[in-house]
Structure formats: C-alpha cells, structure tokens
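Only one chain is shown below, in structure tokens, and it's the form predicted on its own.
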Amino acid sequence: MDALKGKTVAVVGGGSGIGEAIVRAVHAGGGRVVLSSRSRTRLEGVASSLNGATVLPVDMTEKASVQRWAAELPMIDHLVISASSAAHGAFAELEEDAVRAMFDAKFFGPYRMAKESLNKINDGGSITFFSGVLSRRPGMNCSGLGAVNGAVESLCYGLALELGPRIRVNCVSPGMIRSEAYAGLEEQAREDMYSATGASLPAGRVGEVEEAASAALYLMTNTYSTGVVLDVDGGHMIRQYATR
C-alpha cells in the first residue's frame, strides 16, 4: 500500500460497488483520488467521508462528456475504469440494441476514457480495465456479455504493447461479486443466486467488493505487471456447470 502514498488515482465507477472499494483502499493507503461516474450525488456521498477527494462526473457513453472530463482531469498516476454494463438473454431473443448499448458502455466507454486521458497519465503510470469471467468461460444466455468482456481484454493486450513502457495496461476479470450491480433483483432471488453460484465454485462462495478491489491495487502497484488479465473469480474457470 505504500506504493500508492502520494499518488493520484482516478476511478471511473467510484461511486459504488467495486469502484467505491478501490477508492477507499487508495485513500487508506495515502493516495489521492478522483471519483467519476454519471451520478454526482453518489460521488459526493463517497467523497464526503474522504479528505481531499475530487469529484468529477462523466458519462462514458457520450464523447463530449468524456472530453470535458479529460480537460478537467488533473495529472494522475493511475486510471481505473470499473464502471460497467450487462445485458443478459438468449442469443435468439436478446435485442441487438441492448447488446450495442452494452458495448457502448463497457467497451467504447473505457476505450474513450483511456484515449482522452493519455496526456494526463504520468510516466510510469497505469490503466486498469474491468472485464469478467464470461469472456473465457461462457455461460448460458450470456453470449453478448462474454463478447464484450473479450473485447475489453483484447484492448488491454493491445494497449499494453502499444503504450509501454510509459504506461502499463492491465485488466481485472471478476467472477460473481456481492455488490450493488445486482441491486435490481428482489432480495431473496439475489441471495438464492449468490448461494447457488457460490456452491458451484471451489471457493464455496461468491466474492466481496474488497477482494476485487485488491486485485486492481495489485495491478496498479506491481510495476512489472502489464498485459495481464487477472482472474478474481473463486475458481470460476474450473467450476462445474450444471447440465442443460
């Protein structure tokens, strides 16, 4: 954690879930944080408990918003983009517009953020993306989500090669994490989902936001890691799926 002392980290998606956990961990380690997401209210709620945090809202799906964000962004050492989007459904039934919207939010959004912030990242800094386990271990009714996760990981590899050695680029690939991402589900249904998924994993449970956040901190601070997709999934890659 001493590696973050005095460093400035911009976290997109810092108002909730894994992003908020990253923000709090960076702050606890003596780093400065720039919090970004679409919701100023959420960001200010997190920032109110952190001394010196900067709130800088952005809508990743709008190019003009990203450009304004980049213009106001101070010089930073690390950029973490944890904000996400998901569209589930059978391939034959899921509307193409839903898949396009997911790509715009989860792929083109981070793509824009990284591109527009290049001249604001100090030499020796890093960019950390977020994908998900479905890129390499697909599940039923998740073909679109698996595809966008794969696109994010491919971008990570390409940018690590192109931007190095000045900037390292990595990606965290979480499995199911107990977070606000599932807040839209009815409570019992959500707990049943966590329980069923956890039972299928070698770890015997789903993950916590702090565990995913610690992976992002590792990738930020390990200066010999670049072009890495780091799985934090409780063993999802070797889990036993139920039969059809």
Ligand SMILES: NC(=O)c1ccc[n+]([C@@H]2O[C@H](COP(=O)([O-])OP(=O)(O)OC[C@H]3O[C@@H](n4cnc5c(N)ncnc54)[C@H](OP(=O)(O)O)[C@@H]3O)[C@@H](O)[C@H]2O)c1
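So that there is no doubt, residue numbering starts at 1 and follows the sequence shown. Owing to the predicted nature of the structure, the values given are computational and were not obtained by experimental measurement.
Form predicted together with the ligand: not shown, discussed below.
Heavy atom within 4.5 Å of the ligand in the model of the complex: which of S39, S195, Q188, N51? After the contact test, the surviving option is S39.
Which single stretch, out of 25-33, 195-203, 214-222, 55-63, brings residue heavy atoms within 4.5 Å of the ligand in the model of the complex? Answer to the contact question: 55-63.
At the 4.5 Å heavy atom threshold, is A83 in contact with the ligand in the model of the complex? Close contact exists here: in the model of the complex, A83 approaches the ligand to within 4.5 Å, heavy atoms only.
Given that the partner is absent here, does T226 sit within 4.5 Å of the ligand in the model of the complex, heavy atoms only? No.
Please check if S126 has a heavy atom lying within 4.5 Å of any heavy atom of the ligand in the model of the complex. No - in the model of the complex, heavy atoms of S126 and the ligand never come within 4.5 Å of each other.
Hey, in the model of the complex, does M176 get a heavy atom within 4.5 angstroms of the ligand? Result yes; M176 sits at the interface with the ligand in the model of the complex.
From first to last in sequence, which residues of 96-110 have any non-hydrogen atom within 4.5 angstroms of the ligand in the model of the complex? Just K106.
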